[in-house]
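Two forms, one chain: they're shown below as structure tokens, one block per form, named structure 1 and structure 2.
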Structure 1
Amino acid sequence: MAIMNVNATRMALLTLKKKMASAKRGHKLLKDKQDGLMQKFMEVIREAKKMREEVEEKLGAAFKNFIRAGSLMDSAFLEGALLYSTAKAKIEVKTKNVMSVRIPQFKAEIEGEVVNYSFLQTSGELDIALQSFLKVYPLLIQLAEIEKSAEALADELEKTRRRVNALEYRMIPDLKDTIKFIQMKLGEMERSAVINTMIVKSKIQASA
């Protein structure tokens, strides 16, 4: 807290009081925004945790099938089978505005065939594994969207928190101290003016 470098005048006092009113309104709005961001952030974090557990579980099952397929097939046949895939992934990225935060939206599309090889020299576990990876892919994209949203919300939350603290612990206290200082100075000047007026009046009366 510190006294701001301003002249101790009534005009300065009026200006500072207006700044104080604006600072308090701004602090309330930012505080409400901070609370809203925190609530949204916690919702996204809970959703991300749930989604990550689901993705890890399904990915784990898919990898188990793939490892099993690898143990049952010749490595050359396995690599050759994977080369025949015609699948291509496309991701469309958009954004939406949530409490002044740009939140990403990912839309994934897969064209072509993941399973596009001869079944004569491949195992059924490979089919199951690739189909499992295909099913978990949209969940991975959804998880990426949720975690990116959490990151964007966390950044905005930190910015808002710093602005709230700057107002609450620096600007508003400095304005209060400066207003109090100017009011004290003006009071001293008024009392001094009254005393000087009384002295002049008494001198005039004495000389009459």
Structure 2
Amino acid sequence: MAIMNVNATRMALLTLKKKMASAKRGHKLLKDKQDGLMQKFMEVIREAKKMREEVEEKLGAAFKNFIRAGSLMDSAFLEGALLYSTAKAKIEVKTKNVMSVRIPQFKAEIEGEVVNYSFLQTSGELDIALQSFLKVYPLLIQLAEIEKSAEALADELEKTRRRVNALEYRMIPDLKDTIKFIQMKLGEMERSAVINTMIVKSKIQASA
């Protein structure tokens, strides 16, 4: 391991020891954060997978209904009928804080009438198709919320993991080695000082 570029003095030793203490504390905190994030992430990702499979299945069915409606009607009539829709999709967004990750929470509603056209020129299939779209819609919003959370958590997890690893495998061992190096050097200096005094003392005694 590398020894840091410091002077081997008592001052440097003290600052390094302080740094070591905070690095260890930071490491423990980050490790705890990582565990917490991972726990949450596991919950979210399993749900996300379930939701996505469900949405893909239901959306496929809704599209099928819609295509069936489209095939029974003139496309100009179809578009015209849909223009009458007074529906407005509104969405409220709140953010929740999980382990310092901001997770969005969506609350969506549709205002107005979707089925607002004349029944004379449209086929009954269109009603069914729009009903199925309306049914899938809340699922889509939920999916958006969960996938976005999973993404944000994954990002944060990656960052935290890097920090934990940097502390665990680089910062802390380096500090440890440097502290040891300075302690050895100081010990060596102390011993050489003692020996020097002994030599001087014996020389004085010899000349006396």
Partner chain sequence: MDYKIAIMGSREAILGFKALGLEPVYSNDPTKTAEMLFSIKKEKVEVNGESKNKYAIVFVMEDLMEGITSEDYKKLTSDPLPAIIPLPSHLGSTGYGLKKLKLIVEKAVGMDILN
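Every residue number counts along structure 1's sequence, beginning with 1. Between two forms, the rigid core is defined as the largest C-alpha subset superposing within 1.5 Å. The structure displayed is predicted, hence computed values, not measured ones.
**Q** Looking at both forms of the chain, which one is the form predicted in complex with its partner chain?
**A** Looking at both, the form predicted in complex with its partner chain is number 2.
**Q** How about Leu78 - superposed on the rigid core, does its CA move between structure 1 and structure 2 by 2 Å or more?
**A** Indeed, Leu78 is displaced by 2 Å or more.
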